[in-house]
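Take a look at this one chain, the form predicted alone, written out in structure tokens.
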């Protein structure tokens, strides 16, 4: 028997209902915030992610589904969504036109990492990207959007925020951090030793407890912010407080990708075990420029959909639509034609085999239909149809042509 690949998961039954319910809620919230849908390819040039995500990231070093295609092109399945949206933004010359652009997306991402609880090799994300707005109010705006999505799904969360500074204040912090890391280098894991050389701030994001113990007294970037970054961070905190969003400052929150600057944030759930991050994002003002475009301020977030499925409670389902069935083989063609008429306005299912009334009622119940419409021998002769309202347990015989 052929099975799904390791780390690849089918989504069906109740999970598929939760999945589509999440997409409906998240898309609705994004539209209310003025964001428009964008669809990007699953396959991109590998260079796109090496230049955006960063050579020092685990995604580029370990996790990309990368290969040479039949045309000799170095390509990979997208490991995250932001880079593709930025590539499209530049390709359509929106960076040159100027103005504000807001996009949301959802779809499959791929990372070849060790599958564990809460992580898959093929997974889905919902994300938004906002271009052209430099104000910290827009950072607060996208954070509030995540909060609204989670609230509508009745998912409890905690918010962590941090500032990653900019090219003015980062160099001084980087120097002090390297000095601290040099003193403890012998105790760091091999990945952190590599990160220390390529992008030392990533050491703060290490999940290994022994490394976390060693960097507990590491310098904090929030203590070395320049005036602009400090003012923006203070604005962000004030706007969140003014809008009733509780948060904590996590000075080790640096995000896993190299393109972030200034604000970084993460939404945490205590209901999914050790892998508790359910959404995250931040500002990335230099990414458009890194990918060959005109410098454009930008901010966004991504939500891991699979990680939410166990937290989502579906609303109580209401009966809807019509179940058509026949007690006589001669009536099947009639109910098929009538079903096609009804499908123009409502949900319909048809049973193609002649069955007993009891079996049809059971089928209608399984379909969660509001009405069960049956043609038997008498109904066929009299051009009528037996209809039962399953919500109210009322039944009647109706003129077939007027039904």
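Quick caveat, the model's predicted, so the values are computed rather than measured. Numbering follows the first chain given and starts at 1.
If you look for the form predicted together with ligand HAM, you will not find it shown, but the lines that follow are about it.
Legend entry - ligand HAM contact at residue 277 in the predicted bound form, heavy atom, 4.5 Å: Residue 277: yes, in contact with ligand HAM in the predicted bound form.
Inset, instruction - Using a 4.5 Å heavy atom cut-off, state whether residue 332 contacts ligand HAM in the predicted bound form. - result: Residue 332 lies outside the contact set for ligand HAM.
Inset, instruction - Check whether residue 128 has any heavy atom within 4.5 Å of a heavy atom of ligand HAM in the predicted bound form, and answer yes or no. - result: Contact check for residue 128: yes, within 4.5 Å of ligand HAM in the predicted bound form.
Inset, instruction - Would you please decide whether residue 163 lies within 4.5 angstroms of ligand HAM in the predicted bound form, comparing each non-hydrogen atom pair? - result: Close contact is absent here: in the predicted bound form, residue 163 is far from ligand HAM, nothing within 4.5 Å, heavy atoms only.
Inset, instruction - Scan 250, 328, 113, 148 and let me know which has any heavy atom within 4.5 Å of ligand HAM in the predicted bound form. - result: In short, 113.
Legend entry - Candidate from 301, 233, 104, 157 lying within 4.5 Å of ligand HAM in the predicted bound form - any heavy atom: Residue within 4.5 Å of the partner: 301.
Inset, instruction - Choose one stretch from 196-204, 219-227, 281-289, 312-320: the one whose residues place a heavy atom within 4.5 angstroms of ligand HAM in the predicted bound form. - result: Flagged stretch: 281-289.
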